Ligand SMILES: Cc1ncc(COP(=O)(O)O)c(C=O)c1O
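In structure tokens, one chain follows: the form predicted on its own.
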Amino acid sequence: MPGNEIIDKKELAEITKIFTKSDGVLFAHGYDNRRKNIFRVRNFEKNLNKFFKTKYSLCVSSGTAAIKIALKACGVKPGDEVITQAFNFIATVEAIVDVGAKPIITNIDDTLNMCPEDLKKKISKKTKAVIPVHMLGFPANILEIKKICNKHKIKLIEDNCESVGAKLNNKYLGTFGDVGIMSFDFGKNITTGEGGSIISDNKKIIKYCKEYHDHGHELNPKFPRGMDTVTNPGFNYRMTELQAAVGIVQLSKLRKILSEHKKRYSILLKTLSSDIVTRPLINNATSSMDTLMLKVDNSNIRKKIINYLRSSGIGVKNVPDAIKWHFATYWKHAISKAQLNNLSKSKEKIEKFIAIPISIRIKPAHYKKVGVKINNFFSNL
């Protein structure tokens, strides 16, 4: 489970410094002398670059905003098509719709993420971008997806809102595409309450993102901010210094968070009987291990396990508790009927899974008890 579980005095101390050292400046720009030249949003961005080994990053108001900004930076316009996947969060589709583009939905493969073979079928002359989503800590087959995008000269926007800290080939997810997206909302691996970031090695893309998220400000060094130059229309998706203060501390805890996840995840996985099916991890990948997904074909056993998890204090995550917000067949308000009908097999696939959250506040030994109990349910089939 997420970074909100280990918020403590360190985050409080960093917030307090805004008032004791920077005279209460909550805004990311200006007031240089008053804030003693401490720019926390900019410092958070530098720390993100260092951690994820990227050239550029931009902190914004939410992961959803980050997706929309990235779409615009990649040149997506009204009438274009943007491809994403069935198992997702509604925010990705909302961002596509909000820029006037049409969301095209692929089926999922056994990883429960974007199916590369279905992606090939969904590409058209109108396709402007592809957004694979690394759901619940597990990577999509991003290398194959990237090959397809490169072949068709389509921008790849990597939605890594739900897998911050996961890796493939020892490289962090979110760093394979033209743009990577992270979310820092209250349920994510690190949190700023609300907030998100855009990471990229593409200077042109990040330049547009920086301008667009800040009302079009070019931050021209020849002029004060009040007389700044502007080329493109923008909007306000800025992060505040309060959010960044929390984010700086949370990022410093990310390795510990991932380590604590791994302890509990590994105990639960090792306790489960070898004939119990869990979500597969692609080769050379490392999950962020905040969620263990269990496949249960028998609907009665599935119900019993879900009820037990709830009574045990662990509960379940968005499969099935919030499935209506995380699977495209429920989004009739945003996706065409013809596409929804094409996703029935993917819906059947996802509905056989249970998402078990890994919580740092629950002792590792409790996960062993949970694994034993789950084994008993299966042994009584």
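Here the structure is a predicted model, which means the values were calculated and not measured. Counting begins at 1, following the sequence as shown.
As for the form predicted together with this ligand, it is not shown, yet the points below apply to it.
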item: Proximity to this ligand in the predicted bound form (heavy atom, within 4.5 Å), stretch among 248-256, 111-119, 299-307, 188-196; value: 188-196
item: Single option in S200, Q243, S183, S287 placed near this ligand in the predicted bound form, where near means a heavy atom within 4.5 Å; value: S183
item: Interface residue in the predicted bound form among V133, A73, I157, L292, criterion: non-hydrogen atom within 4.5 angstroms of this ligand; value: V133
item: Partner proximity in the predicted bound form: A91 to this ligand, non-hydrogen atom cutoff 4.5 Å; value: yes
item: Any non-hydrogen atom of T64 within 4.5 angstroms of this ligand in the predicted bound form; value: yes
item: Contact flag, A129 vs this ligand in the predicted bound form, heavy atom cut 4.5 Å; value: no
item: Proximity of C161 to this ligand in the predicted bound form, heavy atoms at 4.5 Å; value: yes
